[in-house]
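Presented below, as structure tokens, is a lone chain in the form predicted alone.
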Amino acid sequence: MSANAITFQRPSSPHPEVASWTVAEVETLLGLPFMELVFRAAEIHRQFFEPGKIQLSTLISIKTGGCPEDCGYCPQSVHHETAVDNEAMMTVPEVVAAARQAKANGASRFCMGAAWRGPKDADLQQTLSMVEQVKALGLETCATFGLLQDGQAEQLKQAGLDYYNHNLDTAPDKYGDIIATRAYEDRLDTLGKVRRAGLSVCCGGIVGLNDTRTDRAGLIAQLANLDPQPESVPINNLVKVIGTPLEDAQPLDWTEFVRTIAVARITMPRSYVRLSAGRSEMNEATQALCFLAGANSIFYGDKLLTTDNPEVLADRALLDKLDLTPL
């Protein structure tokens, strides 16, 4: 059978977006002819979202460096010798000022990240005040603080947090090659705590970790089979940082990245699919194809946690070229 003859039928279900996806089914989707795959994703995107609207999110690091985890991609790990220093936590006024600036720049969602295995109670108390005051500005709030203990998700919810981010990073079978200090089940446990507290889930992963198409299919299948599916799905393209174990990772071809975005859209049609880390290394045409394939959210601002992001003015110019408007 030629590549052009590849077809795919979704599992029969009254609610196909929550059908159970096998890794083989997702890999078949990833293998569809490129233009056909993007077309299918674009069709599904239009069933659930306005195709000309983009959610703008700003991400800041409220606590940078010194993380005890050994994630092979992360410059904030104490296990790796990188240029990222262990810094003190930002103060509440500093975070609120950054949120106010993000809103002035057009962002509607403000995400706060901290380099912890998980927040200690004293740390959490400061972040609760940050969440409360950022929420008071009229911004949607998101936090990524690592593994949560019992009761912490409820406290964040009460403070006004909307989303909690906790990525699965990669497929279960690939995970052990990337991280040794935190088990896959630990991540799923925290996601369960987040759901039970009534918070929305932001959960995605990273591609370009010397992963195969099967690995990428395994990640998407795991995300799509979460019940309910994540409301927000960030797809990151590895930003290689000197000093990390993945500094020499094989670059992922841009078509494989667009395929991953498209399949995330098809398998999770109601989720915001966020074009996340790695955008600074993508040209405008690749980003445009990602938007066509169903990406409808970006991190907006000159910096992510520790790596560069396209400048605000460049993003505004790109959105104008593509006739895309912020939510």
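Counting begins at 1, following the sequence as shown. Treat the numbers as computed from the prediction; the structure is a model and nothing was measured.
From this point on, the text means the form predicted in complex with a small molecule, which you will not see here.
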Since the chain is shown here on its own, which stretch among 119 to 127, 160 to 168, 132 to 140, 247 to 255 would lie within 4.5 Å of the small molecule in the model of the complex, judged by heavy atoms?
160 to 168
Judged by heavy atoms and a 4.5 Å cut-off, are Pro75, Asn236 and Val239 together in contact with the small molecule in the model of the complex?
yes
None of Lys174, Arg195, Arg187, Arg100 but one has a heavy atom within 4.5 Å of the small molecule in the model of the complex; the exception is Arg187
Would you mind picking the one in Leu156, Val95, Ala114, Leu223 that has a heavy atom within 4.5 Å of the small molecule in the model of the complex?
Ala114
According to a 4.5 angstroms non-hydrogen atom cut-off, is Leu191 in contact with the small molecule in the model of the complex?
no
I'd like to know whether Gln152 contacts the small molecule in the model of the complex, with contact meaning heavy atoms within 4.5 angstroms.
no
Given that the small molecule is not shown alongside this chain, does Gly106 nevertheless sit within 4.5 Å of it in the model of the complex, heavy atom to heavy atom?
no
Is there a heavy atom of Ser232 lying 4.5 Å or less from a heavy atom of the small molecule in the model of the complex?
no
